[in-house]
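Next up: a single chain in structure tokens, the form predicted on its own.
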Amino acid sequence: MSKIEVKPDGTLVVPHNPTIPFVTGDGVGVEITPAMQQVLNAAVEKAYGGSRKLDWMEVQAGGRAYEALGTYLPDETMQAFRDYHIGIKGPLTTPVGGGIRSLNVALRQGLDLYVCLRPVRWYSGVVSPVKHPELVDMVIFRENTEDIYAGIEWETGTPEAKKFYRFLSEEMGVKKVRFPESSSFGVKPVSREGSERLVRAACQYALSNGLPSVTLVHKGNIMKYTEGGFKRWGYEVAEREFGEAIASGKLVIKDCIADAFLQNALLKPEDYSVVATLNLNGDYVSDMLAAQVGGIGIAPGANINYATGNAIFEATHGTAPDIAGRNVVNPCSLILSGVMMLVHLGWTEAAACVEQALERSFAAGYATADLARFMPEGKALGTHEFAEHLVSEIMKAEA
């Protein structure tokens, strides 16, 4: 097993056979994870002729972990992601009625993976509900550890909710709670540090990838000290640390109210390239943009800490128990998340092999049923068959 090293500045030192911890996942994870591995293995073989290889190491989380080990998130799994820095996972079941609120949130917060990175682009041949999906080409930087996803809530009728309201009313003079006796309460923490490191990462990404702008999406007109603070701190860190790039025109920093952005993303998506936003806004925005290019089935995602070098790449959809085991699920979300992982490792040649194979396949009408049924000449393939098709496309391509 070969470990990826992380330099003090967060730069990765990647061996030719890095060990990659992976979680198969629950539900359809059992189908899409082997498909992803099969496609990535073929791309690495094609790109590097056997001189590089991904060394897969399975770790447990979710429902399958609970059945085998009695816990949804074993300590050994968290430690593996810390030790090996880069991992990938399928969709996970979150327990209902107690315990961990969300396994995804637990992983992000436990490893301080403060960036949820969601690139969104259209592939020729994929049918979209909008007229010009080719104009959608954005990268979403969603803050991953704060906002209402911090999980600070108290349920109506509980002693904690009553105590919290007494504090608001008696100590803070809050009189705006309309129905205090039946209200639940939540707290939305947004920090300067959390906002700055997200916007800093977004600016660095834009400059490294030759992208023209970073847009701060917020609801600061209403939540003036949380969302408004995010906007203010975002501008400040951009001016302080990227002032030269801004002055030279290499980078434009702008902002947009969240509801206006949702409209603009439909009417003029070409105005946006990199988007930095808080946790809840980012959840809405990334899924809405995915719909514009064909759906969440082809939407990849990653959770990254650019300082520690830790990152987990993931399918952005759920476990889909209604179709699990039927060989019909679209594996592209996890495959494309694997492409993101290859790029993150610096293995861009292998990443390009997968993307080119997908582009050729979609253009020719080859896809799983969820996409193929809308294509004029669609040829629906099962999950396994689609992975085999991509491997064939990768291996027969010219070097």
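Remember, it's a predicted structure, so these values are computed and weren't measured experimentally. Each residue number is its position in the shown sequence, starting from 1.
Not pictured, yet referred to below: the form predicted together with nicotinamide-adenine-dinucleotide.
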item	value
Residue 151: touches nicotinamide-adenine-dinucleotide in the predicted complex, heavy atom cutoff 4.5 angstroms	no
4.5 Å heavy atom contact, residue 77 to nicotinamide-adenine-dinucleotide in the predicted complex	no
Residue 215 within 4.5 Å of nicotinamide-adenine-dinucleotide in the predicted complex, heavy atoms	no
is_contact(residue 317, nicotinamide-adenine-dinucleotide) in the predicted complex, heavy atom dist at most 4.5 Å	yes
Option touching nicotinamide-adenine-dinucleotide, based on a heavy atom within 4.5 Å in the predicted complex, out of 115, 92, 88, 289	92
Option touching nicotinamide-adenine-dinucleotide, based on a heavy atom within 4.5 Å in the predicted complex, out of 253, 323, 237, 285	323
Proximity to nicotinamide-adenine-dinucleotide in the predicted complex (heavy atom, within 4.5 Å), stretch among 291-299, 189-197, 131-139, 67-75	291-299
Residues in 364-391 close to nicotinamide-adenine-dinucleotide in the predicted complex, defined by a heavy atom within 4.5 Å, in order	370
